[in-house]
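Given as structure tokens, the chain that follows is alone and in the form predicted on its own.
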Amino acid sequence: MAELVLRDVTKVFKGGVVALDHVNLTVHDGEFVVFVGPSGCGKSTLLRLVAGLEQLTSGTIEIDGRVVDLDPPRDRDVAMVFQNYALYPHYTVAQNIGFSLRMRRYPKREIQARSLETARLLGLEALMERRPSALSGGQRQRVAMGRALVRQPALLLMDEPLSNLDAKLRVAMRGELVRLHQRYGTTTLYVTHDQVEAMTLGDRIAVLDRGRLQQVGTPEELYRRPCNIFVAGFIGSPAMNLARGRLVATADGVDLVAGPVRAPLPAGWEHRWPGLVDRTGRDNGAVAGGEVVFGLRPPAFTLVASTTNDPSIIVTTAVTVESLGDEKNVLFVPPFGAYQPDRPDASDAEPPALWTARIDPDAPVHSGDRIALRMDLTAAYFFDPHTELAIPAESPAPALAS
């Protein structure tokens, strides 16, 4: 086990492509940290830098207080599990598991004992004489994990190890990973694009976007208190619904206005979202127009009888209805348009973003139906449209990294 410290880690590839931009993070001894983010955000590059398979442009990497920037991979006491298993096809399971120990010239008897112990833990004992071509995808992945675990490394790095498995097997393997981490307690860095993997495996989750670390926290912290619009829209499945709106002061309080929809903020809003006070027109320091980006997660909607007289109700058409047994998701185009961030990689040809409402699974709603939805603004999130940062709520957002 070991503590990993990343200090201003930066990687720039030829042509000026910035893969990682001054990443600072401490991964504590025995911690399981999951890295998530869109394709090309720098997740896999970060693991390769820690493993020594890529060289830093600037910054430092410390393992247990020792700077390893110039150390070759074999001297870092790090093991890595790849997406494509990377097993030796002409070796048996036993030979693949024990390979790293043979390279370090361990005694033959110790190699056999440790390989067998690891195989038993992974349920591979009966397969020791088979070659990779005779194994299923799940069995190959367990062999790859066994080869990494058998040498008991200080750091275990996993780069999307379950992405080639079917859905049922991924669920089983997630349980295996949790059990193995509880058994060995190895400090682990895990890269995935799968939201469920991230939320169920990680002690903490680190969110990357375009090479920058956006937020680090427990799964619950990132879900309930995202620090900015990107994290809010990325964490959670289905994603948070986002749109631009205005806060307008009234005689009775404050209304959230978005297109034709005008809904009052719930009583006590100034205590729930104290950061909104200077945006409502009620104070001298008000931001002109009270512009905000607001967000609602799919469960924050209630299906109601259609009405055209209540401006707080969203009246729209169900584009798609996803029936998932114990839940039903309705995808629709909001009458005020979904929020579209200004990103250099965005295309003008992208279709309009849909919102998602999670409704009663027994509700008789089908694609093409006209529906009416009430928003639960007690569950709303608010963001500054210029900085894209969360507007402070009652519970402050966690630190970006620690």
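Note that the structure is predicted; figures quoted are calculated from it, not measured. Position 1 is the first residue in the sequence shown; the rest follow in order.
Same protein, other form: the form predicted in complex with a small molecule, not shown, and the subject of what follows.
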Exercise. Of these, Val23, Ala390, Ala380, Ala19, which has a heavy atom no more than 4.5 Å from the small molecule in the predicted bound form?
Worked result: Ala19
For this session: Consider the chain as shown here, without its partner, and state which of Gly59, Gly337, Gly30, Pro38 has a heavy atom within 4.5 Å of the small molecule in the predicted bound form.
Result: Pro38
For this session: Select, from the options 359 to 367, 39 to 47, 372 to 380, 60 to 68, the stretch whose residues sit within 4.5 angstroms of the small molecule in the predicted bound form by heavy atom distance.
Result: 39 to 47
